[in-house]
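As structure tokens, one chain now follows by itself in the form predicted alone.
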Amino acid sequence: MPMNQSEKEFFMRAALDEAKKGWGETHPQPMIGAVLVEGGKVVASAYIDRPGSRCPEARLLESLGRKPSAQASLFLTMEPGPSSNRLESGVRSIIDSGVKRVLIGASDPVVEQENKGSDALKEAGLEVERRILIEDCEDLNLVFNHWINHKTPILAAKSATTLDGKIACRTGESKWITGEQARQDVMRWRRLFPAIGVGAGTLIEDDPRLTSRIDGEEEWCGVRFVIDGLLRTAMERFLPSIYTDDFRDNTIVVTTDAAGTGYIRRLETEGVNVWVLPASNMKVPFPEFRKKCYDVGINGIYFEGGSKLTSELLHMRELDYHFNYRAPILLGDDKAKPVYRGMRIEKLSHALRLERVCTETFGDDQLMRGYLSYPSRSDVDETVFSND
């Protein structure tokens, strides 16, 4: 009996759940999940669990240990394609297995290769249906897709605000605006991105660990970036903990050639890595930072900087994606600390917007996230993005 749309989406969600088992483990490959359905039940499943892993459809069909039934349906969150080295091996394993029906979520993000996998399956006589839960399947690999489509790492920022957009009281108190469920979700996103970034001010004030600490799992640390154009953090009498803890060799301080060489040596003596980027002023040049990340294969950075760093990223039009956790708290205080500052918006048409928006609820808190869309430079006065 043919599946209805609800059943197709149910099993594609099962494939998505399978793909998420590789959360944060597959870079620079995408997360991909596969499930085989017979008689209305999942009988085999597989996912990419590490870089260089065999394609999940081949692993799934091998683990089944027999030929699929004539009515079997294979669900894939991404079509077989060259970006995951699956165009030949994935397609061949499916055809050789005898599966007659394949349902696909997202296309391969390499534009010139889009649909080649599904076309090859159709040419072999298989029934292929595409775009099942396509938005969810594309969202799963937002880091990977940006890397492939733009040839640059995705720069994302996270904020936790009150209803009126404040990140701290006038006294500086900010712990905690959001509840435990929202903070655990932040840890989940920290685990996805290969790197976390923070500004010098936040590091000095809060001394964060910048690791992912998820209940029931071992503490995890990716690359930790500190954006510090003058090496203010190295001037402290006691260095921040991320310069001395067990993960210090994962820490990279990004500075400019205006910084003192003595402070660079102090950090390097502690085992901390330092990137010195050429700059026309004391601010880290984010285009050069992106290029450096691309050269070393870091495809996404999750910034948790304060108002200054996040605002600078916006001013420079360098922020690609934003996570905003919002708590049901209202301060109504002009002197409370805002999440953004420094821009002069006189028309709604000049406002920045989020696109491809996703929303979730965590207890009483809400998350809104999406890609940032900037107004055209030809449509706005550049004072809108001025730091003055």
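The first residue of the sequence shown is number 1, and the count goes up from there. What you are looking at is a predicted structure, and each value in this text was computed from that prediction instead of being measured.
The protein also exists as the form predicted in complex with a small molecule; that form is not presented, and the subsequent description refers to it.
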Which one, Ala72, Leu239, Leu277, Ile167, lies within 4.5 Å of the small molecule in the predicted bound form by heavy atoms?
Ile167
Heavy atom within 4.5 Å of the small molecule in the predicted bound form: which of Lys337, Arg59, Arg326, His350?
Lys337
May I ask you to check whether Lys283 falls inside a 4.5 Å heavy atom distance of the small molecule in the predicted bound form?
yes
is_contact(Thr202, the small molecule) in the predicted bound form, heavy atom dist at most 4.5 Å
yes
Within a 4.5 Å heavy atom cut-off, is His146 in contact with the small molecule in the predicted bound form?
no
Tell me, yes or no, whether Ser307 is in contact with the small molecule in the predicted bound form, where a contact means a heavy atom of each within 4.5 Å.
yes
In the predicted bound form, does every one of Ile227, Arg232 and Glu312 come within 4.5 Å of the small molecule, counting any heavy atom?
yes
Heavy atoms within 4.5 Å of the small molecule in the predicted bound form: which stretch among 131-139, 290-298, 96-104, 151-159?
151-159
